[in-house]
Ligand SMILES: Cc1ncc(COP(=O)(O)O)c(C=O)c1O
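Shown below, as structure tokens, is a lone chain in the form predicted on its own; questions about how it binds or moves come after it.
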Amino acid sequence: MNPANKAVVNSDTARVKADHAKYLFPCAPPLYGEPLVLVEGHGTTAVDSEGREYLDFFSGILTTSIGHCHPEVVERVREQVGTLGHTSTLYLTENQTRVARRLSEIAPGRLSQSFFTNSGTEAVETAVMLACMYTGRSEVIALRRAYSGRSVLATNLTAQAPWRPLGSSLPGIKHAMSPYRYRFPIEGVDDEAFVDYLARDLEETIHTVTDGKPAAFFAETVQGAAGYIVPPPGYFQRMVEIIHDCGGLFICDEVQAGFGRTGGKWFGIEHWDVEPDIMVMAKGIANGFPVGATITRPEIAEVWTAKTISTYGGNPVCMAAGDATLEVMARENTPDRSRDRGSQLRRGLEELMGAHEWIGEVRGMGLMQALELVEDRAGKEPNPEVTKALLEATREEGLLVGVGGLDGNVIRMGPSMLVSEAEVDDALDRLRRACRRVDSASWSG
């Protein structure tokens, strides 16, 4: 940023904050006690309106998947916006078919036909409607602690009270237990016994609070807003077997976990060797451009015979961004990069946990890593206050991270999947200093 512009920037900062408070709904507050106004970003670097640089380890909620303003994405978008900006789904464009073909090539199993929308919420809506059409049923089972978006349907699939607006409840959606091992009330249970317990809970949910014939089981492969809850080995195999045995479909949510972020695989569900019936994607698919996608098998897709359209779904400009992003991901091998850099990040976080009693657990997969913060490890009492303190301290150290968890006590990290080894080390150094700030401020209980 040009230092000569700093006085203007400072003035703009106050104006932006005032306008935000005056003209925008207050239901979506920004992070931090004093909101951060961002004006520029390149790679893993974001710049605020005061000219200060930050190392971005949250990527707009895991959305700038290959970094801010990746030059290949920028060039493709510039070219496309000057050629053809909009068509709607009434017409064909090469960009849309290219992205659909790329998705079919990396999606698990027989998933091959896509419907494009503008967001993860819309992708979820599409998937649930499709499952109901295919099965002729109307009930859906989701997971507790899930987050699925902000429409009426999506907030009902969501199972965190703070994210469910008053008066928005719908019939037909039930919630089974989350595979949240850290707070499982029975001590000393191994993975196999834990999966058995969750399987019995899903079966009981089907037999007691549904009509016994659910249309679908809907689940994130890694529960994102819940604080990166990772199911144990064997979990999805058992849950999908149960839902298939009663004639329902499995809808897999890869909105946060997709495109290599979990490490070693293109999609999180592949770690469990399970083929979904329907899969939803968004966020990182187009490096920040609004794209949602629902992909399924042809025999499921063809049951949608009613009229439908998506005015902006598959928009040529967004599809150009998606095509360029997927091309970069394939060339750079984001699954392997996420595995390697995620392992590096995980080692550093586990070292931090050893030094701070208020870090109760480190968990995640690949470049989805989280710290659950507690009063102390013995009691596991959630500590949202220390979480707020650490969030502010990381900002002071020039590191951007996120917050999650039902109790707001989980720090989440999800940097660009092109993050370098040196940048991960830098982030860990900043996080260590932030933890020391928290300790010195006596926030640790």
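Note that this is a predicted model, so its numbers are computed, not measured. Residue numbers run from 1 along the displayed sequence.
Just so you know, the form predicted in complex with the ligand exists too; it's not on screen, but the next bit is about it.
> Sort through I269, L373, V124, V99 and report the residue having a heavy atom within 4.5 Å of the ligand in the predicted complex.
Contact with the ligand in the predicted complex is made by V124 alone.
> Among F236, F115, Y147, F250, which has any heavy atom within 4.5 Å of the ligand in the predicted complex?
By the 4.5 Å criterion, the partner-contacting residue is Y147.
> Only one of 203-211, 319-327, 133-141, 115-123 gets a heavy atom within 4.5 Å of the ligand in the predicted complex; which is it?
Contact criterion met by 115-123 only.
> How about R261 - does it come within 4.5 Å of the ligand in the predicted complex, if we only consider non-hydrogen atoms?
Looking in the predicted complex, residue contacts with the ligand do not include R261, since no heavy atom lies within 4.5 Å.
> Classify Q256 as contacting or not contacting the ligand in the predicted complex by the rule of any non-hydrogen atom within 4.5 angstroms, answering yes or no.
Judged by the heavy-atom cut-off of 4.5 Å, Q256 is in contact with the ligand in the predicted complex.
> Which residues within 211-235 place at least one heavy atom within 4.5 Å of the ligand in the predicted complex?
The stretch 211-235, when checked against the ligand in the predicted complex, contributes only E220 at the 4.5 Å heavy-atom cut-off.
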